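Single chain ahead, by itself, as structure tokens, in the form predicted alone.
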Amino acid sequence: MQDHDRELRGHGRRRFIATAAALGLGSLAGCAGLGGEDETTTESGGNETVEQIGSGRSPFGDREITGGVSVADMPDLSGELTLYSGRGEALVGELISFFEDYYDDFTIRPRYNSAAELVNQIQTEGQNSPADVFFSVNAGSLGALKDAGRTQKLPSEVLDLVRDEFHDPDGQWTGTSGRARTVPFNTDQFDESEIPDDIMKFPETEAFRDNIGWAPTYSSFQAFITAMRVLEGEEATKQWLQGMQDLGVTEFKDEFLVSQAVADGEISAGFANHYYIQRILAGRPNAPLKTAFTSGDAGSIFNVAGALVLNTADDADLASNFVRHLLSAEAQDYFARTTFEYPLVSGVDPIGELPSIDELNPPEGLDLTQLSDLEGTVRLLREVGVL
């Protein structure tokens, strides 16, 4: 591996991307993770196993990266780092292992679990926590640790790699990749013009009766409802949830299954993060599946996966530089090609037929730090009988 590392260092960014497929970075199998958001393997219909992750399902192949900062141009990593990852091993394990193998004197000790469980674990461990870096699937979990006083400020060299709206205004965490809320719909049943562009109108849309799906136990859905509580108020959100139940919404375990059911014609539409539609279309390019977007409301929020440095970090510089590596051009390309997420670093484009970040219409006046009250959302979901 040492010879391979030297070759990577010598050729920089382009060599990393070309070599990624050989390492497995570009063709992850969809094996089961440990409770994170994007890591499960789901069976489709009969006996066929559908891989949820891995750019091995992407038809786009290699590409040249012209923006961002290459790993080769970042500070070396040396020492030991304990990483609490709310992103599953099947999703990010190869990338984390690559960084460990790239540097001769760098060891990562990862602990994988759901983001919510890891937040609780960090809180329980207190100042005895061994965690140096927390890697989360959503901004809400990052905000919860910030609110609890368990973080420390990231250096400007990290924060300046992404736009201001994609990191904490106090510099306590940064996004590493993004996901847009969308409405997957079946093109055999609807034209795009028939999909409401106002999320609050869905309960009154009779065409969706017994024909629309959601995944209410899923953390991204709960972040979406948290955004609705912030933007529309508690009572309006409660009425929306009750209205969807009255409409006969079908519950699924996760949003991949929602999107798959839309593609299979089991339901006509649903609520999901954008990348689930892209993953299905990568394997089934002729599926009658398309993405619709609402505008300026909770249904159009742009959330991020991200990372922070804990106040228990043994070496804050090492921890911050590791977070910086998650924003390298190569890591951003990895997220785009293996999970179909939006890269957050300028010059690294998303994969698939997606609008750019600037073409999306997220709600004004909402920042991601307001999505930390997931407990309040869970209480509301239980109150109306969704959970």
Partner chain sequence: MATEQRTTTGGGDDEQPLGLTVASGAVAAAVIVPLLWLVESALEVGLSDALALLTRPTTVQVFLNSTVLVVLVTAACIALGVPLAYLTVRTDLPFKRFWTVAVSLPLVIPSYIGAFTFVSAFGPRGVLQRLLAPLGIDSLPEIYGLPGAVLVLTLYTYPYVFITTRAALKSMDTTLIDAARTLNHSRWEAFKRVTIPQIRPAVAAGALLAALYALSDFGTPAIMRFDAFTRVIYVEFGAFGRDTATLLSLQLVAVTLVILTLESQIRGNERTTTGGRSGSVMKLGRWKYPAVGFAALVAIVALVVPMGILLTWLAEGVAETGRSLAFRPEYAFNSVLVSAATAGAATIAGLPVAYLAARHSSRLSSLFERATYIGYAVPGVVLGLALVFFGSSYATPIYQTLYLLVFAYVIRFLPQAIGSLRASFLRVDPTLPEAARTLGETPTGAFRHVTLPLVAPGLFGGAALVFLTTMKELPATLMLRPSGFKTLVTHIWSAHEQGYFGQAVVPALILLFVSGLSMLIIIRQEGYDVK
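Positions refer to the first chain, counted from 1. All of these numbers come straight from a predicted model, not from anything done at the bench.
Beyond the structure shown, there is the form predicted in complex with the partner chain, which is absent from this document and is the topic of what follows.
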For the chain seen here without its partner, which of 134-142, 159-167, 190-198, 311-319 has a heavy atom within 4.5 Å of the partner chain in the model of the complex?
-> 134-142
Is the partner chain close enough to 347, 353 and 360 in the model of the complex that each of the three has a heavy atom within 4.5 Å of it?
-> no
In this chain shown alone, the residue from 238, 111, 146, 153 with a heavy atom within 4.5 Å of the partner chain in the model of the complex is 111
Option touching the partner chain, based on a heavy atom within 4.5 Å in the model of the complex, out of 78, 295, 242, 123 = 123
Please check if residue 274 has a heavy atom lying within 4.5 Å of any heavy atom of the partner chain in the model of the complex.
-> no
Any of the heavy atoms of residue 119 lying within 4.5 Å of the partner chain in the model of the complex?
-> yes
Hey, in the model of the complex, is residue 130 touching the partner chain, heavy atoms inside 4.5 Å?
-> yes
Is there any non-hydrogen atom of residue 250 lying within 4.5 Å of the partner chain in the model of the complex?
-> yes
Stretch 249-288: residues contacting the partner chain in the model of the complex, 4.5 Å heavy atom cut-off | 250, 251, 252, 253, 256, 260, 264, 265, 266, 279
